[in-house]
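This document starts with one chain, in the form predicted alone, laid out as structure tokens.
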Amino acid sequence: MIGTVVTQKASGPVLDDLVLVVPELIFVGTALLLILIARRIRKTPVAIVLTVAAAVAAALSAVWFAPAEPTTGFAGMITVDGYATFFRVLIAATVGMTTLLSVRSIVGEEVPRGDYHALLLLAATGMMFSASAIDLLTLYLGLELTTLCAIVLVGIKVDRPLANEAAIKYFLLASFASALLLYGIALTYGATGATDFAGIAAALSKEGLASAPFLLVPLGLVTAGLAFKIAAVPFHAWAPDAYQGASAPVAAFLAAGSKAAGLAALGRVCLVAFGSETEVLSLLLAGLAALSIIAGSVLALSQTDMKRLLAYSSIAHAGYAVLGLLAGTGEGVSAMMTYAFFYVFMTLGAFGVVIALGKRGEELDRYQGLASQRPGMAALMLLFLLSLTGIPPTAGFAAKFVIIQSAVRADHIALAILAVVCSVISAFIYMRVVVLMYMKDPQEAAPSRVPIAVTVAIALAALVTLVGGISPGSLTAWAVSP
């Protein structure tokens, strides 16, 4: 069970603690180096090479330095277990692919390369700390580091009014969500006398909601703060505007990396710290999942901007992923992790095609006749859209199958049916793009040549999407609960 598998160990020397955060140290060190040499690398690919190298090194070190048993460090503030390692590798992969997808944006437009990649790395550092945090304060700091860097990334093109507006909206709503989360942490400490997950769980096991109903308030506030991070309804309003205003690579990073980190944090908090209140949490999470699936699917129907369409798609997918947490079991969490893994790659792939097509890729109507001009790119977009819909033999089908199965086994039959119905609605959404690509005549010239780095990232996403659909266990066999 999730609440009992963290093996507490005495904090060792500082060196032992530092070994636990080698991936984070690699990201921070590379970010600082990029900041120092930012002025010297404005017209060179050094920042891209360093960031991709850091992502690969962080992923390898996360696996290489993973302890045989779950181990805590820094006085019980973080833990390194299979759960944390899974999300660390996933976040590192997201950074690497986002960097490759950013080549066209940062070369074609005047974006400060060193600063841009440093922000990506620092945001990913916060995501990794969020996945391994076992204390609410560490979790808060990790999430805030991610959010602050993400806000700057959204508005990094200062000459674009739409980007500035999106960054301001994101900042205001993120500040409100952070206040909710911080207030929830304060009330949790006041009620339980602890901020570490083990201490909170112990206090709640002695004095549950039956004898102390006021504990519902901090539970609801913490859940609301984390729901904002994954853009779950009704805390989703920032996502469409932020995705539309940001450059496509930044939108892809938010849709994939931020979602994965938020799900990692939500899973550990709900099922470790508040694991004794499964019944109440199940109701809260069921509400978030149902609202997100319905709103994301329905609101996407009217979108004409591809980034906004994918934003509402990400809201719906957040709802699907949350279904795995309803049962409060290790099997459900493994289903959520599987969903998060495949979602990251198919989303990055879809955004990759948008990036490859340039300005044409951001407007839905401009996909007309793409199959006759760029058959390969149209086929890749078709693959990713089929996966987002959940049609076999793609990874999206495997992901939705395991997540809906976990909801059925948790006796949430109505939610499982809702998920299936909304999948049908989403099929109509995505097939609109397919009809434009394959059944309409082109209205403009063929898109320009795609950079090799962008092609590599899209090809990797397509490979994972195909292999995940044919043999999902080969990629997610290590998706184990904390």
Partner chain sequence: MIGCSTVALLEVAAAALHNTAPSEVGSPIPLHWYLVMSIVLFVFGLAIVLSRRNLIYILIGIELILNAGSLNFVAFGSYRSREALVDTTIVGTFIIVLAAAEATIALAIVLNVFGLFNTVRPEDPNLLRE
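Source: prediction; values computed, not measured. Numbering follows the first chain given and starts at 1.
From this point on, the text means the form predicted in complex with its partner chain, which you will not see here.
Q: Residue-level question: is L148 within 4.5 Å of its partner chain in the predicted bound form, judged on heavy atoms?
A: Contact with its partner chain, yes.
Q: Is D241 part of the interface with its partner chain in the predicted bound form - any heavy atom within 4.5 Å?
A: D241 belongs to the contact set for its partner chain.
Q: Does any heavy atom of V344 come within 4.5 Å of a heavy atom of its partner chain in the predicted bound form?
A: Result no; V344 lies far from its partner chain in the predicted bound form.
Q: In the predicted bound form, does E279 come within 4.5 Å of its partner chain, counting heavy atoms only?
A: E279 lies outside the contact set for its partner chain.
Q: At 4.5 Å between heavy atoms, only one of the stretches 376-384, 81-89, 185-193, 124-132 reaches its partner chain in the predicted bound form; which one is it?
A: That would be stretch 185-193.
Q: Tell me, which of A202, L162, L364, I294 has a heavy atom within 4.5 angstroms of its partner chain in the predicted bound form?
A: The option sitting close enough to the partner is L162.
Q: Of the residues V408, I391, V298, V217, which one places a heavy atom within 4.5 Å of its partner chain in the predicted bound form?
A: Contact residue from the list: V217.
Q: Candidate spot L18, V46 and V52, all three in 4.5 Å heavy atom range of its partner chain in the predicted bound form?
A: The answer is no: none of the three residues contacts the partner (heavy atom, 4.5 Å cut-off).
Q: Pick out the residues of 171-187 whose heavy atoms come within 4.5 Å of its partner chain in the predicted bound form.
A: Heavy-atom contacts to its partner chain in the predicted bound form: F171, L172, S175, F176, S178, A179, L180, L182, Y183, I185, A186, L187.
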